[in-house]
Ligand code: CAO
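Next up: a single chain in structure tokens, the form predicted on its own.
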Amino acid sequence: MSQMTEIKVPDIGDFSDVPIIEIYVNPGDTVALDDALVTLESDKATMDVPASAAGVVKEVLVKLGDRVSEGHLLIRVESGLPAQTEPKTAKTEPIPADSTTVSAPAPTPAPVLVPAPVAPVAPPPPLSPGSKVHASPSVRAYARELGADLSKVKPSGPNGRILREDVTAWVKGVLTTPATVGASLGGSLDLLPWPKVDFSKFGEIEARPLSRIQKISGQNLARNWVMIPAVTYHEDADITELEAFRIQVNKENEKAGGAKLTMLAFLIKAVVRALQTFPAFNSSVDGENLILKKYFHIGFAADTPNGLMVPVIKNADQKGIFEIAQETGELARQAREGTLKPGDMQGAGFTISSLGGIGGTYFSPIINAPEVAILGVNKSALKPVWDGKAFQPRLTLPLSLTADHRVIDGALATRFNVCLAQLLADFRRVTL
């Protein structure tokens, strides 16, 4: 007997209205268990939806460009059928995605080329003061996170409903319009308009579109830079003994074929201990409230060919150094390959941006809202340090802590840096 299986969008974290960028099957195709059916693209990653049952594809209920959320029905698969049950139907039925041989305007391509007729050409104007705002709870939460006034956002959804992309477009307009930026911050910045230059007049140029990640990251970074009163505090940590210990353990594990320890893993563990001592750094501002988090999820910046991404180590306080080193390596690999799941980049309470593998001395990282602090780390270097009798060569690690001054003042930030430097200088303190 045959059985019909409905394949729906799985858990994709807090994301909704995620576009479909690839469809790999058509009605009549035979699929095996875990075959990729469609590909979804969130703000910073792509994800394949696998087949949860083997069989013949009976219906494909979505098309390229459709936006879906968790639980949305994608495909129906009939299992338990012989491979030859309906070959003619599958071959004679027109397939929109493969109809390249049809020269005349056939009726089949119409569903692919014509989007759902819900968005008018000209979106309705912003709501007048006192009008009711139509938006889902997730969109309202997204607007609160970005500081967007929904009464000023132009809705593009059906019946005047505000969509997530409407909020994003409004914030982008605020950050790129000088007069609006000044007004939104409670004062006028009196900025000149962005210069328009025909660069081709001066020589050969190449216009290269920004990637999706660059566009999204650029909007977030510009908002954070303008809206957060951030100050960066610098400190040097003596990691001479810690680095010697790390090298020793790695040599021992190399003989046994074990995993390697990274300095980032030690940093994450030391940061967790410092956050436990100074809980204000593991918080977020929510209106007039300060949300203190009891969990310790640490984000770390990963350099990828498509731009900067921030995977998150969940519950780092409950994991050992080896486990953290292995998890950061795996998440960094997935980030480079573009296979990170949306949930792997959510929930961070504190972020580490390490440039140690590249170089540099100090820098001022931009806070990743809604967090209140971020730690920048550069390449360690040998420096002469006076011990009271003579200068001794010590391996020092430059630390750059950027903090939200609304929550963290200079004295508290300096104490955090000093505490972190002490933990790295004598890692035994982490266990206290």
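A residue's number is simply how far along the shown sequence it sits, counting from 1. Nothing here was measured: the structure is a model prediction, and the numbers come from that model.
Omitted here: the form predicted in complex with the ligand. The next part is about that form.
Of the candidate stretches 286 to 294, 272 to 280, 332 to 340, 223 to 231, only 332 to 340 has residues whose heavy atoms lie within 4.5 Å of the ligand in the model of the complex. At a distance of at most 4.5 angstroms from the ligand in the model of the complex, none of the three residues 18, 71 and 140 contributes a non-hydrogen atom. Site annotation in the model of the complex: the residue of 148, 355, 312, 135 reaching within 4.5 Å of the ligand with a heavy atom is 355. Interface residue among 174, 264, 242, 163, judged by heavy atoms within 4.5 Å of the ligand in the model of the complex: 264. The closest heavy atom approach of residue 323 to the ligand in the model of the complex falls outside 4.5 Å. Of the heavy atoms in residue 246, some are within 4.5 Å of the ligand in the model of the complex. Remark: residue 380 counts among the residues lining the ligand in the model of the complex, judged by a heavy atom distance of 4.5 Å or less. Using a 4.5 Å cutoff between non-hydrogen atoms, residue 212 does not count as a contact of the ligand in the model of the complex. No residues of 403 to 432 lie near the ligand in the model of the complex, the criterion being any heavy atom within 4.5 Å.
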